[in-house]
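Coming up is one lone chain in structure tokens, specifically the form predicted on its own.
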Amino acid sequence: MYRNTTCGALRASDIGTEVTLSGWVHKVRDKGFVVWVDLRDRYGITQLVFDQDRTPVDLLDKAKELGRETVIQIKGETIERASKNPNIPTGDIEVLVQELQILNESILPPFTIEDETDGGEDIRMKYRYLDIRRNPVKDNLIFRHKVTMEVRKFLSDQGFIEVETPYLIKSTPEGARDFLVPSRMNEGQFYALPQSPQTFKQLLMVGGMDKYFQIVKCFRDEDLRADRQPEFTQIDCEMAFVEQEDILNAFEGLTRHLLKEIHGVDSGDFPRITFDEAMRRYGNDKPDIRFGMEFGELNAVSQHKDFNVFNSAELVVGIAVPGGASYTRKEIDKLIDWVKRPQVGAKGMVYVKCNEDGTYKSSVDKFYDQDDLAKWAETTGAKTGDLICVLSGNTNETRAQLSALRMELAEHLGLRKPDEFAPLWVIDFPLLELDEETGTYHAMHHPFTSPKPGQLELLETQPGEVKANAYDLVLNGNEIGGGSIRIHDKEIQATMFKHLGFTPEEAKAQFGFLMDAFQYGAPPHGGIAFGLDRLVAILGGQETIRDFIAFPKNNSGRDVMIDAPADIDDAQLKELHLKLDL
């Protein structure tokens, strides 16, 4: 055998035992008459010792020649370590080596395999298999495994059945571009990789599998960010004979289970707010509620003076920054420059300092007196020592700008603590969103989302006012899951397609299989999908999902390790009936 224990297992109680270990040479320390080698595997590090008094000369010389990351096997005796290392679990022992075999030599790695490495992100992604040997990456992958196993355990205990759905499917509009796969056997036709298993899980409900889940790869050909990848993993779930409350209770239970098992955190009932309330109080539909700084709408107390910037604005809104009255003018100017960046888009910012003596000092003292500013403080919840930041303009744009500022300030003030978890449900989303460029509506979630009970009739007269029977689960300012109660009636689904601009022929061509299935006794059903990559990252105290994916793509959607995507040769193109005209 290559090993009878691992490099992280030996303790003082094992002193005197004969062991066989295999792993990678992590470090060599050569003192001439004695050589210490740190041997590493997935489980930890064990110190090996070779010395001239107890080790054959040829073995000592061989140890001196070992290079980093060389794979070796050793046999030896576990002995007490003379100079103990309290920083590692195996720090009380070392192994006196009697046999050494080199299993595979390594060339010099392009970066050091250490927790704090000298390798930049690009080089580490190119040599990701080496990066995985480092504890931070290895531990993230083990953490992901632990979360995934807890998900499977919880859902299985709740009676859910894991069912695999196809990867080669039909292209359907779900909001992002599909990745397409040409069919060799069906000339000129294409499969699509699924953006989600949405229609298949609905068909499983028609098939009577009333509690389904799947941990599944999904694919979206869209622009990338730190929390997006072209391929990602969902915890995909669906239930039959349920209403919204059943779904929320079931998956609130899953989230509480994960917080308890992973972090020992006991959570009470998750707060619930409507989409409209989230936008009014926080400026976005995935608010971070670990801290305050809620929006205060100031129209009523700011549009009565000769300050035309506010008088002409659709919305005047502010937040109170804790302790911000101590900011210097230079620091405030930095905030103003920050909101004026193209990525944020504000034209400027008004500020008010709430001084310790109870007075107010603002950038608009020319227009507003102390009584006015006191009302601003009351509306935003500002206290003595705080700074009020105020933006104005179009409602939707201004809310988005102030939301960005709120998050930036919270980060700067250390209010977004990674070891605190604040989940909440956002409910009652609009069913439809208006595309301002085309003047047409599209589904805010997807075309299969049901309107709230009693609102179907509004589709004809006030489509923008219809609320969806939909919900998002938000954790620490990130959407980690979203779902809805689905339409299960063929006629209602046809009506929905009509309002989304589908002709009857287009609806049948795209979704005829689903419409047909609804004729055979489709039960009421609904579900939710969690983004596993994002969920794991947040539970791991981070927000960048790449750190928790074994082989991620870069910001351009490329795998720099295997150099993909790549060209294919003319013979393959011909076989797939494709011709590239570049």
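Owing to the predicted nature of the structure, the values given are computational and were not obtained by experimental measurement. From 1 onward, residues are counted along the sequence shown. So that the term is clear: the rigid core is the largest set of C-alpha atoms that superpose within 1.5 Å between two forms.
This protein has a second form, the form predicted together with another copy of the chain, left out of what is shown; the following refers to that one.
With a 4.5 Å heavy atom cut-off, would you call Ile161 a contact of another copy of the chain in the predicted complex?
Taking the distances in the predicted complex, the answer for Ile161 is yes, it comes within 4.5 Å of another copy of the chain.
State yes or no: in the predicted complex, is some non-hydrogen atom of Thr544 no more than 4.5 angstroms from a non-hydrogen atom of another copy of the chain?
Heavy-atom contact with another copy of the chain at 4.5 Å: absent for Thr544.
Would Thr274 show up as a contact with another copy of the chain in the predicted complex if we use heavy atoms at 4.5 Å?
Judged by the heavy-atom cut-off of 4.5 Å, Thr274 is well away from another copy of the chain in the predicted complex.
Would Asp516 count as touching another copy of the chain in the predicted complex under a 4.5 Å heavy atom rule?
Asp516: contacts another copy of the chain in the predicted complex.
Pick from Ala400, Leu96, Ile132, Ala494: which residue has any heavy atom within 4.5 angstroms of another copy of the chain in the predicted complex?
For this set of options, the contacting one is Ile132.
Sort through Val339, Ile247, Leu298, Ala240 and report the residue having a heavy atom within 4.5 Å of another copy of the chain in the predicted complex.
By the 4.5 Å criterion, the partner-contacting residue is Ala240.
Partner absent here, but in the predicted complex, which of 303-311, 247-255, 464-472, 122-130 has residues with a heavy atom within 4.5 Å of another copy of the chain?
That would be 122-130.
If we check another copy of the chain in the predicted complex, which of the residues in 322-356 reach within 4.5 angstroms of it by a non-hydrogen atom?
Sequence-ordered list is empty.
Is Gln572 displaced by at least 2 Å at its C-alpha between the shown form and the other one when the rigid core is overlaid?
Yes, shifts by 2 Å or more.
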